[in-house]
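The chain below stands alone, shown as structure tokens; this is the form predicted on its own.
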């Protein structure tokens, strides 16, 4: 591989997105969990849930701060690393980029009010109501930026004449065919991943013998939420597959190593490819790819051989797709098992095996997010704007991208370390039980 400006630009953008998506996902999902916890606390007059909301909100501010830095880096890199793309598409996607910024400030304003008005209202429901604009702002931010990515996959709302976009309709560009399924998938998986990360932290505390009623209530709340969001994510994934079959058949075909167009197409899970693109060692589910693509075993699925070789995505995305889906099923399994053991009195939901499974679910869920986004981006290759502009045409020709890449990697390592250290010290120096005793001395248990 020659490290030219195109490869280096891809490496830098990929690194930035891979780091940013961690904080973006938490930024979308945790406000929902905070709102649920505070609602439960007020409804049941339970200090444990109120403290959950307070502590989650406190940690959330740290991740928001890091997300601001990485999000700013993405905006900067769009212009510096992909000038040809921005020259063509910049005016078309300007509206959702502006609206994403507006949604973030909307969220930030109400988050600040929320944080500084604890115990300021006699009616506790007024404080809880402040979580609603925070949730709206965070989810709207994800919605608007996802429409930009959706536009890159199914561009519309403009005409290209002599390398310039004319007759621009920004609303049509935002409401492109990829938007509904992409937004649905992004939101549900962000909610699921946040619930599982919080559950993993709680389960780990219980395993370390540091968990009381506070942690047990937290784990039950997060696992019930995770199961609900997991089913939502599964539905979003099903709809996304049907979208791909209709609008981006080459991406679905690459993900499933499907080379010949046919009805009753098999779903291939894992496996290996030889030099002739023959599949070996796979788990084959007869007819299920057709069913996934069109809810019928008779659905014809377009094969990869229908497309020019230079317009086919890399075939290794198959493994990303399979890993993402496998982790999704694992999320349903682990959340369902915990709830089953909880409700089935003869079983113990606090057994170590199950708790370690929950601990694993947090990092695995975030890995699924990473795998999903890599698949979404690499699966669009070689296009940056599908059907209009290839990645190689869009990248900068300037020197110095390698140095910039090294500097940004150093920044992300520093930010990651600082974020982890601050979060650990924030909660280690003030354990939940001590804070519960301090804030609710009569109700602490």
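Residue numbers count along the first chain shown, from 1. Here the structure is a predicted model, which means the values were calculated and not measured.
From this point on, the text means the form predicted in complex with heme B/C, which you will not see here.
Proximity of residue 238 to heme B/C in the model of the complex: non-hydrogen atoms within 4.5 Å are present. Not displayed here, heme B/C is approached by residue 376 to within 4.5 Å at the level of heavy atoms in the model of the complex. Put simply, residue 226 is far from heme B/C in the model of the complex: not one heavy atom of it is within 4.5 Å. Proximity of residue 133 to heme B/C in the model of the complex: non-hydrogen atoms within 4.5 Å are absent; the residue sits far from the partner.
The candidate spot formed by 24, 27 and 99 is out of contact with heme B/C in the model of the complex: none of the three has a heavy atom within 4.5 Å. Partner contacts here mean any heavy atom within 4.5 Å of heme B/C in the model of the complex, and among 168-176, 107-115, 283-291, 316-324 they occur only in 316-324.
A single residue from the set 145, 335, 89, 368 has any heavy atom within 4.5 angstroms of heme B/C in the model of the complex; that residue is 368. With the partner removed from view, the residue among 78, 279, 197, 244 that has a non-hydrogen atom within 4.5 Å of heme B/C in the model of the complex turns out to be 244. Contact residues in stretch 180-194 (any heavy atom within 4.5 Å of heme B/C, taken in the model of the complex) are 182, 185, 186, 189, 192, 193.
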